[in-house]
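Single chain ahead, by itself, as structure tokens, in the form predicted on its own.
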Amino acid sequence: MLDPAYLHYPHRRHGYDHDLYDWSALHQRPPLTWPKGSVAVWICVSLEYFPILPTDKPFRAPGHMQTAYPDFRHYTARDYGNRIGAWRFLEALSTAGATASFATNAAVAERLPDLLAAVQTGGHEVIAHSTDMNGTIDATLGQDAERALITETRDRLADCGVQPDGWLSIARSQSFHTADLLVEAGYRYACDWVNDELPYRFRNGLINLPLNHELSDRQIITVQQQSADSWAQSLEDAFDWLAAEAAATNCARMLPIHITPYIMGLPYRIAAFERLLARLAARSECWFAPGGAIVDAFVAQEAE
């Protein structure tokens, strides 16, 4: 007969088997409201620099070089995003009256000061996105090396005149130490955990702002091989659902839109992005907001 103690796990927790934060379902929390509308539309643009030699330790970043060195085809395709695609995004956002977050590698801020200045002049937020696309994190990296990567990113962005409030890991990958190291380095929020549709707080004080990857242009267009119009329709469908849910529950919702300049910024796709922004801007439920503004609204009501 099986010993009952065999089935006992002393670290069992409500929700997940950890004590990083208090687990709760969305409907169990006090309702949130936004300064405008009922659905916060959070656009997050990845500004990335891919070294032509990828590093496979701890792992190769998604979108990195693929073919034999030198991989000029993928290297220049990625550079297209910063030379052309990102500027199309800035124009589209300005036309729609939308502000966004730009998750920026330190190497992009250093190499492309005119692009960084245009992002800031447009009223957009810059969040930290590692040093470059070789700056990946997982548990094999080691705590000291990870601390050095996080602080180097912060310091190099600061040298470019940016004090980022938020952090987005490459591929949303963390180690067991990342949350504590981000707080130690002075970050207020991170975007890596995708298990919710509203912000929530870790016990160490860090706020998680979930940047869902299922509706990103990389996932729908590059991985699933869908069209730009199909991507845009998926986001409109998501907005419709969230707006109806917000009205039914009297609780605000959030729609994250993660986009990549070398994917959605191409001339045969950018129009779909512009049409999406125009349609969302026409909706009374829509509040275009960068990540920091959404976190501010959450913190203000959290203290009530």
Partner chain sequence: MIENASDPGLYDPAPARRRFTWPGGKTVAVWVAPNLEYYEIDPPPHPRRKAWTRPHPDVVGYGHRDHSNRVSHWRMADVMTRHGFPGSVSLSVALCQHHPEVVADANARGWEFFSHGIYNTRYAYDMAEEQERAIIEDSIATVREATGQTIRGWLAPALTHTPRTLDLIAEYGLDYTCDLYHDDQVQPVHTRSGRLVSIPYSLEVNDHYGFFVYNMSGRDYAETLIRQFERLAQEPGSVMCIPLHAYLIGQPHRIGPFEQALKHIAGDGRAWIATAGEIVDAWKAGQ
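Positions refer to the first chain, counted from 1. Computed from a predicted model, the values in this text were never measured in an experiment.
Only in words, not in the display: the form predicted together with its partner chain, which the text now covers.
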**Prompt:** Do heavy atoms from each of Phe59, Asp192 and Asp196 fall within 4.5 Å of its partner chain in the predicted complex?
**Reply:** yes
**Asked** Considering its partner chain in the predicted complex, which of Val223, Ala77, Val183, Ala145 comes within 4.5 Å of it through any heavy atom?
**Response** Val223
**Asked** Since exactly one of Cys251, Ile263, Ile270, Leu242 fits, which has a heavy atom within 4.5 Å of its partner chain in the predicted complex?
**Response** Leu242
**Proximity of Arg156 to its partner chain in the predicted complex, heavy atoms at 4.5 Å** = no
**Prompt:** Applying a 4.5 Å heavy atom distance criterion, does Glu214 contact its partner chain in the predicted complex?
**Reply:** yes
**Item:** in the predicted complex, Arg88 touching its partner chain (heavy atom, 4.5 Å)
**Value:** no
**Prompt:** Is Ala139 close enough to touch its partner chain in the predicted complex, meaning at least one heavy atom pair within 4.5 Å?
**Reply:** yes
**Request:** With its partner chain left out here, work out from 64-72, 22-30, 41-49, 274-282 which stretch has heavy atoms within 4.5 Å of it in the predicted complex.
**Result:** 22-30
**Request:** Determine the residues of 147-180 with a heavy atom within 4.5 Å of its partner chain in the predicted complex and present them in sequence order; the list may be empty.
**Result:** Ala171, Arg172, Ser173, Gln174, Ser175, Phe176
